[in-house]
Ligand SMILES: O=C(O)CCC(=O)C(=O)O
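Shown here is one chain on its own, the form predicted on its own, set out as structure tokens.
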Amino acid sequence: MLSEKQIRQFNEQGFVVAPGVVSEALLAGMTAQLDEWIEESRSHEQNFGPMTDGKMRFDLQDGHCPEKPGLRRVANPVDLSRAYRDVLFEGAVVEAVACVVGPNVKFHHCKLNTKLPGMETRVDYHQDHAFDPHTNDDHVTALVLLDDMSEENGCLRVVPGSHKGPRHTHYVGDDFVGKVDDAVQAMCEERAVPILGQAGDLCLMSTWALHGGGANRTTRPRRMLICDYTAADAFPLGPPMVPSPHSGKIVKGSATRLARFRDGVVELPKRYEADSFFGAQGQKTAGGMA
């Protein structure tokens, strides 16, 4: 699925973009479903859709209103929609993931991040592994572009080689804030490169890669499906930060009861009270709550 050159780039840089992985038909199914959720959000003033942990599945940006909906995240769309299961549980995305984590692939969780026109939503720099640490590092974030992604509409930005270390704290004192400190943020702003692509492209990124992204300054939406996968022998060190009944599902190959560990020490996260990591990073939600 991935060429040797693409696999080498992933290993060396911590990310790779594979063009045209998801078909137009599959994209149409996902975007149609997302359009329905955006329409549904118009009738809500605050986050809605309780999940098993009591948090809300649908996260609304501060300023959301019926005239200008600000749905910024949908947690685990696979729980609700066959369109998303068809993309993330079988087919080309899973085959590409297997090229970098091995033949036995496990689903962990997924979410939709949306930056609708004019939304101020940003993503401060962070490492995904800090949210859901596992016993080893064969853990990848797969990002499916639902729209063309440019610097103007708030594309993903990744620091090349940052997956090789160091592992940064995402705490301030005893508070888990879901982002690296100001000094590291400044370094990321200097070194990060934009991830540009077209709808249907797939970006695979190490969960140790430092990444973030700015606001959408265009009149076009920027919607992205994000999914965490691991090797089957990578086991979570705590419950998923974004829980799903599908967490732990083997989507390719075979399961194992043998956990593989890497050497070293990893910092464990603290479960935040906010419905999504945008709140943990200090961004307000509908109703004015952080």
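Quantities reported herein were computed from a predicted structural model and do not represent experimental measurements. When you see a residue number, it is the position in the sequence shown, counting from 1.
There is another form of this protein, the form predicted together with the named molecule, and it is not shown here; the text below is about that form.
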query: Thinking of His129, Val158 and Glu189 as one candidate spot, does the named molecule come within 4.5 Å of a heavy atom in every one of them in the predicted complex?
result: no
Given 94-102, 179-187, 109-117, 161-169, the stretch touching the named molecule in the predicted complex at heavy atoms within 4.5 Å is 109-117
With the partner omitted here, the residue among Ala83, Ala142, Leu146, Val123 that in the predicted complex has a heavy atom within 4.5 Å of the named molecule is Val123
The one option of Met56, Val251, Met224, Leu34 with any heavy atom within 4.5 Å of the named molecule in the predicted complex is Met224
Query raised in the report: Looking at the partner-bound form in the predicted complex, is Arg73 within 4.5 Å of the named molecule by any heavy atom?
Result: yes
Check: His211 near the named molecule in the predicted complex, any heavy atom under 4.5 Å?
Finding: yes
